[in-house]
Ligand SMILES: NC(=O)c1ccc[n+]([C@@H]2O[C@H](COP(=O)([O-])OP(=O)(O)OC[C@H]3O[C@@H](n4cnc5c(N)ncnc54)[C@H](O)[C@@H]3O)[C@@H](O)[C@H]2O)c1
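Shown here is one chain on its own, the form predicted alone, set out as structure tokens.
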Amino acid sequence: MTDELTTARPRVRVALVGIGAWGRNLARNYAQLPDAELCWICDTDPGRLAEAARHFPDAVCTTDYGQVLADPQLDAVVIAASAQAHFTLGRRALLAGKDVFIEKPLVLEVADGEELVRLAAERARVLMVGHLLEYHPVVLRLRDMIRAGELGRVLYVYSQRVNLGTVRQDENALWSLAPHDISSILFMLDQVPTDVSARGQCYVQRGIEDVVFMNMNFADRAMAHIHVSWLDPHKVRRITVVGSKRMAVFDDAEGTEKLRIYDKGATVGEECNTFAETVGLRFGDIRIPHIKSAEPLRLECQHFVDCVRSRAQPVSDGQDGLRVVRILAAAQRSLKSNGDPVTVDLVPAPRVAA
């Protein structure tokens, strides 16, 4: 069936820009997708290109981005370069008439994100952002549970994305790590925050926060707390959702049992005689639902290829990326003012079915 599909419809021809650690993962996926063809790999580092040529011999490796964009048969550009280069590389690709996937964060300036979204709309190009967790089967399950009311009203969410890992010089821990948690929380709650606050410190490099504690408040009184750091003794990738009926923990560091549902909560009742409020605690079972295993990155890459084919709006489209950039920018302003809340004026867009 796959061979018949490939014969009937030409494969989507993809160029990858940036073949660093994460770029190699993207290259592997696009090279393996049956309806995609990894035809170009572009990077400024000749050593990386030499290694890429050994692993992906069917792709043309080059340092010349203009040569890539001049290919009239090229359908799409996947950008996994430094975040500082996202705007320039993405803009050139859109102006060249290519569909574009950009790793998170979309850009580092709100105005740049607005221009990319505008260009994509004007030229009828697909613009997708690498908000990986929006394609994670566990996050999809949590979103469905929240929509169905299985957790009750969401009271608050908190996440940790910490480890003793790569210390970046071109962006702080907020911009490097928090897009994962911001995008997934907005995706699951299907709403945007009213205000944001953040505090952090620069311990390793002057002017670059390596640990940040960020808070978001929502109109329905829900709260979200995000802790990101690349200066921590533990590697933690965990999101906890506390609802009025049940609580859920998504632990992405777990091998198989990534989601646990806790039938726990607190209820407020009234005594028949005095009408005094009483608080009752409920301790129920812990459920570990079976979720079909799938690599989120493979699902994300396939979704981009599908959108290029069908001209459909991606789940994590340019507007989704821009919303996250606006929140990051507000949190950055709060960081500079030592944690003062910053109002964000965002309108949630209609969600595309995942």
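The first residue of the shown sequence is 1; numbering continues from there. Not measured: the values here are computed from a predicted model.
As for the form predicted in complex with this ligand, it is not shown, yet the points below apply to it.
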**Q.** Distance check, D306 to this ligand in the predicted bound form, heavy atom within 4.5 Å
**A.** no
Q.
in the predicted bound form, is there a heavy atom of this ligand that lies within 4.5 Å of any heavy atom of R168, even though the partner is absent here?
A. yes
Q | Interface membership of D43, this ligand in the predicted bound form, 4.5 Å heavy atom rule | A | yes
Q: Tell me, yes or no, whether S82 is in contact with this ligand in the predicted bound form, where a contact means a heavy atom of each within 4.5 Å.
A: yes
Q. Counting only non-hydrogen atoms, which stretch in 100 to 108, 248 to 256, 141 to 149, 223 to 231 is within 4.5 Å of this ligand in the predicted bound form?
A. 100 to 108
Q: Counting non-hydrogen atoms within 4.5 angstroms of this ligand in the predicted bound form, say which of L132, A76, I208, V242 makes the cut.
A: L132
Q | The single option of L189, I261, A96, L89 touching this ligand in the predicted bound form, heavy atom within 4.5 Å | A | L89
**Q.** Stretch 10 to 34 - residues with a heavy atom within 4.5 Å of this ligand in the predicted bound form
**A.** V17, G18, I19, G20, A21, W22, G23
